[in-house]
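Just the one chain here, the form predicted on its own, laid out as structure tokens.
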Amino acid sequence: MAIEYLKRASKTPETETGTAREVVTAMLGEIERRGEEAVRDYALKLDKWDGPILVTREEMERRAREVPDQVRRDIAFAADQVRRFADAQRESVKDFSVELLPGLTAGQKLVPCNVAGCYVPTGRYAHIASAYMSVATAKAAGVGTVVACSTPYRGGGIHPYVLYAMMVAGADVVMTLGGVQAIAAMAYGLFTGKPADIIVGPGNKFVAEAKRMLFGKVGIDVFAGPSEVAVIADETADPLMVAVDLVGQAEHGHESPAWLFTSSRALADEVMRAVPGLIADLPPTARDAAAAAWRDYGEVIVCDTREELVEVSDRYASEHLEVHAADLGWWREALTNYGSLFLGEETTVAFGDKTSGPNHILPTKFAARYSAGLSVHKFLKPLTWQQMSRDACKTIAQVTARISRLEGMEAHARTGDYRLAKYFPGHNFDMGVPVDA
């Protein structure tokens, strides 16, 4: 396999996790001990917020009146795209029942979680899209109570556009909280009395670590970290467009990897020449983030064949994966590990981040090897049920008793013994050899 690194990252997604783990451990311990008081203290210390945590419906409606009409229309359009895609996902999975043998019927019933917590970050940027990505999807799944949290924005309440997006998407409860304290408050049901069954939404390394540490006490969407992008490009690709898309995702943050996998050395060279200039032309906040991300986490890999490109891409399992190459159908079938796939130069990650429909809350740090992004399925529990007649019980009980006794589990076996003795008195069945030790 011929692979050449033209640029290799000096850091990995795990480089900064140690500090985050230490900080989050201390914060969660404090919140678990002191509850709402600790959350208020952290809100004041970290976000300079001492106002109400719960946002009333009247306050939401008042602030919504301040949102310009074009912003309203854009948010409504994008939220509707996400909702329609989520509705289609919900329709793709159904309750069912099947007769496994005469008299034995088993089935699946899809039951939504009762309470979902949706985190919407507003740190370096106001992530308006994350509000409808999470909240609208939860509502499409049928979740009864959706609690949405977002950071106070620049010393005030929740960013007005984020708050409006929460309203449009259908949030039932909104809290002005950010960071670890928001995740903990939703997990423990602070301020609402409704502990979340699942918490979803993107965030920084501290938010991601809080979700990881609380997993088990509460469900989570994905094990997430800083946003990632990979672009697969062949000789047919537009080098400047590839560079623009790499920079477009690197602005997420200082630790956001941007990877180029290509079969064209010439294209790779052109992209590497273009990226610094594109970063330099950004406004200060984005320029600072993208420059650090490209310097520390950016990689460029050249392969000989498209099969090698697939192998490399699947190993990296990028959160976002663009393909700028000929024969898009081949790539769609060949690639297996990614959070979300963007086929063709017309279909950039930013469109999926904001508007097009499929969810932008996706796995990072190689988790796309075994998990998918946020969807209605994350909020649904496929609960199983079964019911059988006495004739079916006669068949199942005998096999169950024999296997149970082979395992040494006599009490299990006797649940079958008792039933057959009751339902078929006087009959002899092969129930296995009783356990005597």
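Start at 1 and count along the sequence shown; that's the residue number. Please read these numbers as outputs of a predicted model, since none were measured by experiment.
There is another form of the same protein, the form predicted together with a small molecule; it is not shown, and what comes next is about it.
Chemist: Contact between D353 and the small molecule in the predicted bound form at 4.5 Å, heavy atoms?
Modeler: Judged by the heavy-atom cut-off of 4.5 Å, D353 is in contact with the small molecule in the predicted bound form.
Chemist: Would H252 sit within 4.5 Å of the small molecule in the predicted bound form, counting heavy atoms only?
Modeler: Contact with the small molecule, yes.
Chemist: With a cut-off of 4.5 Å between heavy atoms, is H320 one of the residues that contacts the small molecule in the predicted bound form?
Modeler: Yes.
Chemist: Given that the small molecule is not shown alongside this chain, does S313 nevertheless sit within 4.5 Å of it in the predicted bound form, heavy atom to heavy atom?
Modeler: Judged by the heavy-atom cut-off of 4.5 Å, S313 is well away from the small molecule in the predicted bound form.
Chemist: Heavy atoms within 4.5 Å of the small molecule in the predicted bound form: which stretch in 93 to 101, 244 to 252, 138 to 146, 305 to 313 meets that?
Modeler: Every other range fails; the passing one is 244 to 252.
Chemist: So in the predicted bound form, are R83, S134 and K378 all sitting within 4.5 Å of the small molecule, heavy atoms only?
Modeler: Answer is no for this spot.
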